[in-house]
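First, one chain by itself in structure tokens, the form predicted on its own.
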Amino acid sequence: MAVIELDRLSKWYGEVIGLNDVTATVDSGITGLIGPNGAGKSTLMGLAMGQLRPSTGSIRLWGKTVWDRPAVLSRVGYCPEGDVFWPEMTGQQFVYFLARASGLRRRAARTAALEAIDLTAMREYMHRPIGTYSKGMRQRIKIAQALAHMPRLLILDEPFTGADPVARHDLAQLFHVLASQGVDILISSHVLHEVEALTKQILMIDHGRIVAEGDLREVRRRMHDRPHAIRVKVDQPRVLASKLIGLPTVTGLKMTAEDTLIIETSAPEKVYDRLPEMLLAGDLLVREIAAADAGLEAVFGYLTGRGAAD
């Protein structure tokens, strides 16, 4: 069963369209929710958490509709992008309060709050007022409150914002651990390389519509209207280029460094098939052969016409 199912889902704000007739599924594991500002990511997350009611169509979690369904929504944890805190409240009080609000009894809420705080490495700071926290610390305490009631689905809106490199690494490791334990994660972020390091499963939105979904590599393979770029690091790139010029599937060649040749092609599989014999025939020393534009940043740019998600 899909974790999230969108069936001809639309949401309008007066004359403004947030989502427009969207049909898609989000399966178990970690899924990256990608799109530029105003694309519809926040609307989709609001609908998934039952904060917004669909204008038309439906959204279901584990096969059940979410609007006005507390029993379903109690299995969802949410970390918002924005900060809404009582600045005098300590981190521990904040997580405990929201654990209680989720339905846990006092003793269970205290234990769950401490466990969630430990998971996000915030125990050292949990007795300090939140008003004294750095941006990265506020992000971690928000993630702790999202975890305290042991959700089955975790929805994260820009969780890496303000976190330093060490904290980003620790959070990424935490998300991998949670996913291995059966927690499904929908993560929205404009830090595309961070998302790509977490998962290849994406849901990409632009102008209220789904422009891509599924495995990132398969999405790129299906983009027949865009030439594929292959990066070859070789000791004599000009020699290799001379051998490739005659291939009808090669549409462009470009040297980007003394040892790097970028091959543009409409049929990457055919180029990959021919490369070994060309390298051997020229007695060339190859250091790397890789897709130069199969990453999330490139695919996002191709599909939305933008260079970055923000």
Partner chain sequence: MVALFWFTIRQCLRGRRLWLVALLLAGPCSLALLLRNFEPPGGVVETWEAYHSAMLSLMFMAVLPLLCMLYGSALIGSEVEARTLVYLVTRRMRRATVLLVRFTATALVLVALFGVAVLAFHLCAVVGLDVKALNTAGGLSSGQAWQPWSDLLGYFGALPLGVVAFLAVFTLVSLLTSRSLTISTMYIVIVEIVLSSLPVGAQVYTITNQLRRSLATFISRDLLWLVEVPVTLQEELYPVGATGTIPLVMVVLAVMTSCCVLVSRRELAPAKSVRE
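Nothing here was measured: the structure is a model prediction, and the numbers come from that model. Numbering follows the first chain given and starts at 1.
As for the form predicted together with the partner chain, it is not shown, yet the points below apply to it.
Across the proposed site, 168, 201 and 227 without exception lack any heavy atom within 4.5 Å of the partner chain in the predicted bound form. Among heavy atoms of residue 73, some come within 4.5 Å of the partner chain in the predicted bound form.
Although the partner is absent from this view, residue 172 stays clear of the partner chain in the predicted bound form, with no non-hydrogen atom inside 4.5 angstroms.
Contact check for residue 115: every heavy atom lies farther than 4.5 Å from the partner chain in the predicted bound form. At least one heavy atom of residue 68 is located within 4.5 Å of the partner chain in the predicted bound form. With the partner chain left out of view, the stretch that reaches within 4.5 Å of it through heavy atoms in the predicted bound form is, among 271-279, 243-251, 52-60, 256-264, 52-60. For the candidate set 98, 186, 122, 163, a heavy atom within 4.5 Å of the partner chain in the predicted bound form is found for exactly one residue, namely 98. Scanning 34-62 for heavy atoms within 4.5 Å of the partner chain in the predicted bound form gives 36, 37, 38, 39, 40, 41, 42, 43, 49, 50, 51, 52, 53 in sequence order.
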